[in-house]
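Presented as structure tokens, the chain that follows is alone, the form predicted on its own.
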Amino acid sequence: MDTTPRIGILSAMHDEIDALLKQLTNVIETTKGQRTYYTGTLFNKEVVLVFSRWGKVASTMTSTQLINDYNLTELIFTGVAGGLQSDLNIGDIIVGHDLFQHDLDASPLFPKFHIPLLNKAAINTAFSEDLLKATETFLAEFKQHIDSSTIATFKLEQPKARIGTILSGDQFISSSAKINELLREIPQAQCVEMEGAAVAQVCYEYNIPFSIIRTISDKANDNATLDFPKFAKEVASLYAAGILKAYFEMK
């Protein structure tokens, strides 16, 4: 086990951490279970970066390996998500407060969404005001970090940050009918993705502080046809680099 205290940074897609990898120095690569773990120094902090691949199983496997192999002080998940609330726009950011597995249903043995034996449905994050402040600081100057043509392509205007509830499930949500169903059951939900709640559960059970930042890439509806690799690499990964740089400077 690597005994150096490190901050873990996890994404579901390689493109989502592309900008972070370019900033990483003193890099050592370790491959296990078809994942590559990158240790090194990022903005004067010792970190380990890895992309998990899509879905709850993949992200659970990766985060468990990460926790067991590295001396994590905290774990941060970053990536894209589909917006659920009508006032969210592409480029907005949700800093997670709590996470549900929207496809978990062990009823009638347990209430819907409840995680068996944990006696809870939602897993709270180790949310910090510093992370929100770092996000807001980045968004105030995001045009200094994102190419103007990219801003035009994705119609990024005045992106905002919000603390909120994130839903995770092994489904790509692309219909208004499904959005309405999710909001009937968990009306406070801000966005939906495929990994966060699973990683949050792993961190909860291992007692590792967990945070999550999700960049809204689409409205998760019938028009969810955005070029995800392009958005992840040219927007979300640069968001992550800017936010984490500001966040690490506060620590």
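One-based numbering along the sequence shown. Please read these numbers as outputs of a predicted model, since none were measured by experiment.
One more form of this protein, predicted together with a small molecule, exists but is not displayed; see below.
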How about residue 217: is it within 4.5 Å of the small molecule in the model of the complex, going by heavy atoms? yes
For residue 171, is any heavy atom within 4.5 Å of the small molecule in the model of the complex, or not? yes
Is residue 93 close enough to the small molecule in the model of the complex to count, meaning some heavy atom within 4.5 Å? no
Is residue 134 one of the residues lying within 4.5 Å of the small molecule in the model of the complex, judged by heavy atom distances? no
Pick the stretch from 121-129, 76-84, 104-112, 141-149 whose residues have a heavy atom within 4.5 Å of the small molecule in the model of the complex. 76-84
Let me know the one among 47, 192, 203, 213 whose heavy atoms come within 4.5 Å of the small molecule in the model of the complex, would you? 192
